[in-house]
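Same protein, same chain, two forms; see structure 1 and structure 2 below, as structure tokens.
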Structure 1
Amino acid sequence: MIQTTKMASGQQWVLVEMVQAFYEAPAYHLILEGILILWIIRLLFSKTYKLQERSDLTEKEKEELIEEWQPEPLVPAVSNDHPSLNYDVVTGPPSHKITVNGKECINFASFNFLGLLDNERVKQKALASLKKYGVGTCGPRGFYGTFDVHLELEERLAKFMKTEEAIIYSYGFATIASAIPAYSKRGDIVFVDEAACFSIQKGLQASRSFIKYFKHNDMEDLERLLKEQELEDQKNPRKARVTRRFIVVEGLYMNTSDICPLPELVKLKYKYKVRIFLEESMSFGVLGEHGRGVTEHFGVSIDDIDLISANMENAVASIGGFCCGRSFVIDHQRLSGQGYCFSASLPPMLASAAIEALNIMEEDPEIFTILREKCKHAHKALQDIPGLKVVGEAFAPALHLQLEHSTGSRESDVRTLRSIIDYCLDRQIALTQARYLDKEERFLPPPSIRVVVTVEQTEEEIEKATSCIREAALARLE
């Protein structure tokens, strides 16, 4: 009885406290709670959706609607004369001499910079590997796709580049496109040169990072962006502590054939505490006394670069690509590099070919001096061609020829340059146009003819090619 009385008095006391708290609560608090109670009541008693009135169509009306309906085309209409639908067909190896559309020509189109594509030693090593391992691997590196030649090639690349470790990919384009999103994630910041190649652009897109483009090779514009970011970081230091910052550049730019100012980039790296990713597909096996690329060309310590990537499809004349750097940086890609984890590994015969190519590069470093001298010769010979301008460094092995004055239409410019290529092709000089995905490029470069120089070309052949281009320009640009 006493216990029941105590419980009743306790409940009354709680009720009194609730009433007292109700009277003491601010008016806005009571109004907000009232609105929330009414909203909950409405949600409980309202229908989750409204049934829309519909009228059934007759069979005749349905047939009429079906007849009237016109599906949108799966792809936009393309004219039959579109360049992508008209191929130049190559038969035989695209080495020093190349057979295009049944006509033998001197090859100024393929990125066979060191002439190793048809090298007998390289072919014999690839053939022996083919007999030993077969054609392909049929599995990624983590699933029975790692062969001893893969490990040997990675060791040799790391030794050649004087880095701790290297990792190889089976597709050149996928190398930097996989490396960037392996490190840079959503919320991170990447400072990128406007002239960056398409594989870099795809890597940036996959990373979902915040991208800031700076003007091509303009270090003042880059520093302006870095200063702006520094001020933003000071406003939110907690976020700044977990935000990674990268600078992504090319050694020799594929779209412009000029070199990045690496010493200035390294200074900015340490001043603003960012990481540098260097894409060297056009400079590996080309620049430097031993062909190690832009770092050797400028005398910059390779330890100042956080990650170097390059493909093996140009100077090395194989397939695939590689990244090199410190061990802890490279090992991260073995778990996070999409092209490494999910693509079938490099065919062993191509890995063997790349190893033998490295042997030749190490045995004969004079080959790089010869290449640079021939590049300078070609660059000088291509000057002052009426209607055309040369774009690129004198030592770049792949130069661009652009129209001095556009016709006013990109399509028309492409056709004009194609007519020059056809003129040269008829005279046994094989050139090519630089191709882009017009709607996909972040900054679409102007149309151009690409002239590729290799160690196999003689001075006479370079003179013949430049004279032919000059004749074509005079004939087609009147």
Structure 2
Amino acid sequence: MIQTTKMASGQQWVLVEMVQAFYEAPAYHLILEGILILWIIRLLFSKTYKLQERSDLTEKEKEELIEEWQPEPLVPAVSNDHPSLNYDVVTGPPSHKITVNGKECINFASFNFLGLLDNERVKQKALASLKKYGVGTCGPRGFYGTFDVHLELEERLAKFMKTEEAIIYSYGFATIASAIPAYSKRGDIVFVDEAACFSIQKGLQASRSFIKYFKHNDMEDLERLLKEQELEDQKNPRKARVTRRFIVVEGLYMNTSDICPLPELVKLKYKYKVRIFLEESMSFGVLGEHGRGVTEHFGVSIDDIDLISANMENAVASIGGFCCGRSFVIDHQRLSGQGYCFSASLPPMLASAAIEALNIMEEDPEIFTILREKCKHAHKALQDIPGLKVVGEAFAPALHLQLEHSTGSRESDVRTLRSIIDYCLDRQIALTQARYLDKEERFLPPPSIRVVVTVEQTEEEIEKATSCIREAALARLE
């Protein structure tokens, strides 16, 4: 009680002092403080305005702007004779004998390297799977979309490639395009070959990393870039310790049909501490003694490659794609691969077809040697065609035929090649042009005709095709 009264009187005493100080203060002091207090009150109650809305437009002017604005049309008009608009229609199965636009031809255009598109065993397995599982999976892998067939296919692929684990995607394009952004994020550095295919480019774009292109198959150029990066790292070691580095190359390039120098790449990998991602869509089931791809071809240990990605739409004659490698690397994609987590899984009948294709590949490793022989034969036969040059390795199954002397305009080159193809179609040889998106490709390859050699083609058929192309070249290229 006494304490409170003492405190109360203490407070009263302080109050008296305050009032006294107030009376004794000089006038300017009081006025200044008064102004400050009023200013603070004004600031507290005044409206804050964002920079964007800080416009001097009235409502009427805004309405006028909205009225006046005209957007571009949703899509620019496409003329009716645009070369990519009118597709060739295939009636019936796209196998060795193919009916294009009503004419029955021999197929030199589909990536049916091992001839499995028409294989009876594969079809029967797909049928059996259909009778058990139906067609669709009705869900992504995480939500009851994982079938025992998927798990079996992943195991078989891992065993075939002699890696720890494999992961399958339901769409070939999405495989490498989802794998790259899962590992390489903003701030990381990726060294890519200039001739990388479009799906790699999209994966790189989605990853938001720094992309450095090196000249096609030029290891010196790559080493130069790596040395430059090393110098950069020495300037900022802390940043360098967290910046991941990758090299992305293809086994057999789709755009140029030549092979990447894998042993030199592995040497560079250990010298500069960069990880290698290898895209093997064109070389899986083609190169190597058992069809394991470019690592088997060169005798490089598979553990030296961090990630191998391939699609199952070429040699394996199914749909989808897979990545294989060590569990440390592959398991990450099960939660971060966008095309894996957010998309429905591969229909089980297509997975069964892929398993059967793998069975056939394992039972009969001779077909890879036969395929390579046929490729060499075709490569030799296509030499010395006046006006056309063959681009690609001798053992590559998908070759490009480019014009030796371009007219200077891509459009007229495309038209010339189209006329050669039409000539061949009339004589029952089915060919196609290699298609690109002209404006989207970073390094647009020159227009070319794609010639695909498959294991089902006989020597006579290859001879017939090459002589037909020769005639066409003579007829249409003067």
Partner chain sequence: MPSVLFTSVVWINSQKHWLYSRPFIESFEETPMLVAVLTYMGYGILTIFGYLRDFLRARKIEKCHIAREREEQKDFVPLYQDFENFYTRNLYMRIRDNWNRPICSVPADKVDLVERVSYDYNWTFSHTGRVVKDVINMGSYNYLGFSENKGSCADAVAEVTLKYGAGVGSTRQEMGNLDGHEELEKLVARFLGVESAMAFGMGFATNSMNIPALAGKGCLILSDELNHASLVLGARLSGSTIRVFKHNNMQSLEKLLRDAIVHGQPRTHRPWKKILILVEGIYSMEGSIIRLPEVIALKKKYKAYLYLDEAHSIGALGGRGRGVVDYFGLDPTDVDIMMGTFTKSFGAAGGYIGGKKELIDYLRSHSHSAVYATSMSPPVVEQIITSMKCIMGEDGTTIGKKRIQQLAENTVYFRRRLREMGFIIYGNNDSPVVPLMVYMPAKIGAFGREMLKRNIGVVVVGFPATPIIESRARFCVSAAHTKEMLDQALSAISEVGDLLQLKYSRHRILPTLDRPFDETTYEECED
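One-based numbering along structure 1's sequence throughout. Treat the numbers as computed from the prediction; the structure is a model and nothing was measured. Think of the rigid core as the biggest set of C-alphas that the two forms share within 1.5 Å after superposition.
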Problem set entry | Of structures 1 and 2, the form predicted together with its partner chain | 2
Problem set entry | Threshold 2 Å Cα movement between structure 1 and structure 2 at E72, rigid core reference | yes
For this session: Quote the shift of the Cα of E63 between structure 1 and structure 2 to one decimal place in Å, the two forms being superposed on the rigid core.
Result: 13.6
